[in-house]
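Take a look at this one chain, the form predicted alone, written out in structure tokens.
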Amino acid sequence: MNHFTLRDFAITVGSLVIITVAIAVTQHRTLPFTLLAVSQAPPVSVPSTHVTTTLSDVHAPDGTRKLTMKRVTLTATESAYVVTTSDISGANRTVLYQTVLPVSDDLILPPNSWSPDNKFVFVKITSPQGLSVQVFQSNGEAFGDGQPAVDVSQIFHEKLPDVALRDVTGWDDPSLLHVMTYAADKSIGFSYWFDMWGRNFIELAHR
């Protein structure tokens, strides 16, 4: 009668570990990353070998389209980001924004990025210097002033220099973004609507 010894057990466990690692490496092998060229934003140069690629999606309110962010770790200090819109299937993709950021910064797709009418999307960039909020037309077209995005944070600092931008939480209307602030004494400040068409801030009655 054969006996299953401690040595047999160690060999079996070692074999299982090797097989598991081999499967994991095969499943996580990714293809070289290629950026789409767009007229409104210069292509970001991304090497064919990279460390990590991550994807995140936010669906439009009517479920017909999605906003996608692709992040590629370039080095220990930098990551490349590409933000696109497309049909839910991934067809008819349009590049809205692409950039390279230090690892201290992060580009975020809020869960309510899409305006209620699917016309606009917004993204946030957090950094040690503060919060940046950019709004794009979801079809990729430039705004009337020729700019590919509306920099809400820059307009905020120009028009409300005495308060600090706390957060932009989403859409209260197809063209109104809800903006939260800190007062000059660092307490919670008033909330505002940012009017996409008028490019101005409307103070709300509550904080």
Partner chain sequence: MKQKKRTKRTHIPWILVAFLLTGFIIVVVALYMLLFRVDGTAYCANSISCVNDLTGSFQPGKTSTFMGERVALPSSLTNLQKSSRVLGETTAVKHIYVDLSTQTLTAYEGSNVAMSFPIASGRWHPTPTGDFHIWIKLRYTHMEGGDQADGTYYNLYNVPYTMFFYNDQVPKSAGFSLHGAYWHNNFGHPMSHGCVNIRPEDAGKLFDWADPVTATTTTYATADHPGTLVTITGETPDE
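Numbering follows the first chain given and starts at 1. What you see is a predicted model, and the numbers here were worked out from it, not measured in a lab.
Below: the form predicted in complex with its partner chain, not depicted.
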Which of 129-137, 77-85, 112-120, 93-101 lines the interface with its partner chain in the model of the complex (heavy atom within 4.5 Å): 112-120
Contact residue in the model of the complex, from 153, 68, 53, 175 (heavy atom within 4.5 Å of its partner chain): 175
Heavy atom of residue 180 within 4.5 Å of its partner chain in the model of the complex: yes
Residue contact check: residue 170 to its partner chain in the model of the complex, 4.5 Å heavy atom: yes
Partner contact for residue 157 in the model of the complex: its partner chain, 4.5 angstroms, heavy atom: no
Touches its partner chain in the model of the complex: residue 62 (any heavy atom, 4.5 Å): yes
